[in-house]
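Single chain ahead, written as structure tokens, the form predicted alone.
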């Protein structure tokens, strides 16, 4: 089996490569990534991409159809990855997250790829008070990132897939330890703040809901999507991925982190304007379709692994939000300031990574 993973050098990609190599030891694993965060390793030891058979470097907007020849499954993680980046780089977000993603899917279908796994997001629900949202409920995207995810889901349903099965995994908010750790995610931020400064500050009133999923459980869901039977899910399946027990209020996340890191205080801004990004999600369809691939990592487990991982690397940077190794927007800002990137988030020729490398 040959699997192409886009976004292989990202936060989720690092966890996925280890999982896929363990689950499919004889598979031909091929990575494709722009390399924007290639040097953002946060743990010692071999880089995760050494588990690949080959790592290709390139811009998703320019991916060559030849890379898809003989491929059985595409796992599409590559994206401009969060709301602040989407707000600052809206045209690039649309070009990469929507247009390039749909072009990739069309190339995959034309090449005879059997499975296309798309990393979508529960952020498509946006502001959604009341009952937990199911897949068929109305969407209320609040950001360029969320709108791009909906556009790809819609495009996959509408295109001629030539027999290719597509699975859109609407992931809960990612969290947990990774070899390319991001600290611009809510739980990861709270743990880093507790470790480095002994204080967790909640900028909202703490009431918004966030569903969470550990990156290790994201990898298990992707494994399922690569292999899932076409029925009962169908040729194009959109499914919320997470678990009911991991719908949390932000203030409860802060308190859980404080309980895990003794001496940590929690500050909640009770006077803050309401945070409209609040939604609970119903994951019953995923539980029905993938009973053997349900999330296993509870909140305590995600926090504990983050605490151990950060302490193992001697993390003590109370100003981490200003840095550019774990905050993705800061990383792009540094590359722009240094002249390595264009405003369209393209590498300038002198700064671009190599074309490919055997892992």
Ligand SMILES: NC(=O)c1ccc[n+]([C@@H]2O[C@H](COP(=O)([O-])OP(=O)(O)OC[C@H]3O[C@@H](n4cnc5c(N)ncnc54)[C@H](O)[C@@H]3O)[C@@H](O)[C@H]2O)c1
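Since the model is a prediction, treat every value here as computed from it, not as a measurement. Numbering follows the first chain given and starts at 1.
There is another form of the same protein, the form predicted together with this ligand; it is not shown, and what comes next is about it.
- Not one of 113, 161 and 232 is positioned with any heavy atom within 4.5 Å of this ligand in the predicted bound form.
- Heavy atoms within 4.5 Å of this ligand in the predicted bound form are found in exactly one of 177-185, 103-111, 242-250, 130-138, that being 177-185.
- This ligand is not shown here, but in the predicted bound form it comes within 4.5 Å of a heavy atom of residue 12.
- This ligand in the predicted bound form is approached by residue 218, whose closest heavy atom lies within 4.5 angstroms of it.
- Within 4.5 Å of any heavy atom of this ligand in the predicted bound form lies no heavy atom of residue 210.
- Among heavy atoms of residue 120, some come within 4.5 Å of this ligand in the predicted bound form.
- Checked against this ligand in the predicted bound form, the candidates 70, 304, 35, 323 yield a single residue with a heavy atom inside 4.5 Å, and that residue is 35.
- Checked against this ligand in the predicted bound form, the residues 171, 190, 283, 125 give one hit for a heavy atom within 4.5 Å, which is 171.
- Shown here without this ligand, the chain has 58, 59, 60, 61 in 43-73 lying with a heavy atom within 4.5 Å of that partner in the predicted bound form.
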